[in-house]
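One chain is shown next in C-alpha cells, namely the form predicted on its own.
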C-alpha cells in the first residue's frame, strides 16, 4: 500500500486514512500539492497543501508538514521518533510549537517505506531581515527581537520537564552539578553506537572538558539545543513556533545560550555597550530567577565541538555502509568532520593547521 511522498495521490489516500488525526471534527481531506522544502540538512521536510472537511460539511484550506529521515538515514543521530515525542510533549505547554499529529510507522502507509511524522504548519517566517543590520536605526528592533527570543527560552527552561515526561526521552542528570558531565556521558554513549575508528583529538577534548566541567548550575532544565535566527518561526515581531529540537537535552540552560544564533547581538554606541551577552543574561535572570554565567556559556560553546563531531562521524558511519550515498552525507563526513576536529583541538589550545613541534 505504501507509496511515494512526492505523489499527491498517495498522500491524499494516506491523509484520508488518518483524517481523524488532522484535527477535531475533520472527516475528509483533499490533497492539492506536496513539495519538499529546501531548508534543513539533517532531515527532509515536506509541505502538504490540503482542504479539510469538518463534520459541519465546511471545507477549509490547511497546510501540514511531514518530517522524515533521508533515504540514507538522518545526519544528526537523534532518532526521528525522539523529535516527534519532543513536539508531542510540548503541545499544550506554554512553549509555542507546531502540533504533532501522528507518527507513521505502519509499513502500509510509510511514504517511500520510511517512518515519518506529521505536524501542523505554523504561519510565519524564519527570517528577520533587520537582525544583522548594524545601523543605529535598527538597534531598537534588534534588542526587542532578542528579548522576545529570551522570553521564549525562559518558557522552555521553566517548564515542568518531569511532569511532561522528558525524563523518558533524555538522560537525566543526577543533580544540577552533574549537568555538564551528563551531557558528555550522553554524547559518548550515543557515539559508541556507531563509532568506527578512534579519534585522539576527541579523546583529548573530552579529557579537557571533564576536568573543567562546571558544577555551579542552579537547576536542571529542558534545553532546546539549536536556537535563534533560522530556527524559530516569527510573525508580527513574536516567535509563534519554536522549531528544530534535534539537539534537545536535559541540563544547564547555559547549553542553550551557547547555541544562540544571532539573537544576542553586540551593540555598541558612543563607546558604550548597550546590548550583548551580559545584558541578555541579566534580562533572562529577571524573567526566570536562573543565574547563567558567561563562564558556563563559554564551556558549552566548547562542548558544541563534541556535538559537531558526533553528527559528522554519524554521517561518515552511514556513508561507509552505503554505496552510493547522498552528497550531503559525504560533505558532512569530510568537510564538516575536518572543521569539527579543528574546533575540538582549539579547546585544548592546539592549532591543527600549523605543524606540530615535537
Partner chain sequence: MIHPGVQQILASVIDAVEREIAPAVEDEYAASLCRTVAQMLRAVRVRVDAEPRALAEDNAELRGLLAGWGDDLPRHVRHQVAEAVAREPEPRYPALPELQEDALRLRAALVSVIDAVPQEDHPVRVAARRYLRRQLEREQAWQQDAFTGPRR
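Numbering follows the first chain given and starts at 1. Owing to the predicted nature of the structure, the values given are computational and were not obtained by experimental measurement.
What follows is about the form predicted together with the partner chain, which we do not show.
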Site check 324, 335 and 348: each within 4.5 Å of the partner chain in the predicted bound form by heavy atom: yes
Hey, of 91 to 99, 129 to 137, 204 to 212, 225 to 233, which bit sits against the partner chain in the predicted bound form at 4.5 Å between non-hydrogen atoms? 204 to 212
Could you tell me which one of 307, 316, 26, 48 places a heavy atom within 4.5 Å of the partner chain in the predicted bound form? 316
As a check of understanding, the residue in 113, 198, 163, 237 with any heavy atom within 4.5 Å of the partner chain in the predicted bound form should be identified as 198
According to a 4.5 angstroms non-hydrogen atom cut-off, is residue 19 in contact with the partner chain in the predicted bound form? no
Partner contact for residue 8 in the predicted bound form: the partner chain, 4.5 angstroms, heavy atom: no
Looking at the partner-bound form in the predicted bound form, is residue 41 within 4.5 Å of the partner chain by any heavy atom? yes
Residue 301: heavy atom within 4.5 Å of the partner chain in the predicted bound form? no
